[in-house]
Ligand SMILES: O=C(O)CCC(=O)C(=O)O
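A single chain, nothing else alongside it, follows as structure tokens in the form predicted alone.
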Amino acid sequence: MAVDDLETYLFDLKGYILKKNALSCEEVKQLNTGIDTIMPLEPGEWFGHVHAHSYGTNDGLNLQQIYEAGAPFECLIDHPSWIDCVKHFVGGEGTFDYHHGSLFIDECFAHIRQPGEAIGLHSGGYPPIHRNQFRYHGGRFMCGQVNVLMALTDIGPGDGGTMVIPGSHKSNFMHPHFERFKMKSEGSSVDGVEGAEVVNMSAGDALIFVDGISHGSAKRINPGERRVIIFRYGPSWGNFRHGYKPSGDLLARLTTERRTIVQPQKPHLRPPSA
């Protein structure tokens, strides 16, 4: 699905766009059923090649390597609702960056947030880092990482929704509240940060944002749980954030296009005797 001029403008201006109904009701149902099959799982435990992970800051549970959880999750790798947007904003087509493929997923996980949980403020244009860079130069985007956050439950007021500071991906200064609300503060959230906005979503919506934007979440105060899936895309020469590797079974099942995104490296060249 081609990126239109308004999406390009808003992504450049705000650092994110929201795609309504990116996933069908049936897709959302299948993904939630898949997560139900995995749960309950405690941090450090495995379900096949899916690993339960937490930062230990009361931010919720991550099910890392979620594309290992079956066909409904594999379909997210190059989902037509967002893959063209991701390629457009990561950039590199027609350049050396494409020599091993177009993209690379350095992290993908389902995230489950319970009442009282939140994640603090992180990222932003300052201080600059390679992975989070936002750049537009020579008529093309060149973003170090573009995230797709898919809502599997409705996320409204009190549900612990994602919060962003629009335009902060271009900031030359650290937010004065950063230290007070940063990610590693126990139980911190982005509630009360001047300039931050909550992004309300319906199940099936997808939030596409450059990782360089300052973001985090509100604290969930409602009963129940918030469920999202996040895929982080970058250039094909990237590497895995946490050291996970795709399983051989997954690679064997994937289409050529999906395998190129999950493992873009060419086979190692060795002398005949090696």
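Model, not experiment: these values are computed from the prediction. Note that residue numbering follows the sequence shown and begins at 1.
The same protein has a further form, the form predicted together with the named molecule, not shown here; the description that follows concerns it.
The named molecule: the contacting residue among Glu27, Glu225, Asp205, Asp211 in the predicted bound form [heavy atom, 4.5 Å]: That would be Asp211.
Work out which of Ile119, Ile165, Val146, Leu103 lies within 4.5 Å of the named molecule in the predicted bound form, going by heavy atoms. Residue within 4.5 Å of the partner: Ile119.
Proximity of Leu41 to the named molecule in the predicted bound form, heavy atoms at 4.5 Å: Flag for Leu41 set to no.
Any non-hydrogen atom of His169 within 4.5 angstroms of the named molecule in the predicted bound form: Flag for His169 set to no.
Contact test in the predicted bound form: Ile230 vs the named molecule, heavy atoms, 4.5 Å: Heavy-atom contact with the named molecule at 4.5 Å: present for Ile230.
Is there a non-hydrogen atom of Gly216 within 4.5 angstroms of a non-hydrogen atom of the named molecule in the predicted bound form? Close contact exists here: in the predicted bound form, Gly216 approaches the named molecule to within 4.5 Å, heavy atoms only.
Name the stretch: of 66 to 74, 216 to 224, 245 to 253, 41 to 49, exactly one has residues whose heavy atoms fall within 4.5 Å of the named molecule in the predicted bound form. Heavy atoms within 4.5 Å of the named molecule in the predicted bound form occur in 216 to 224.
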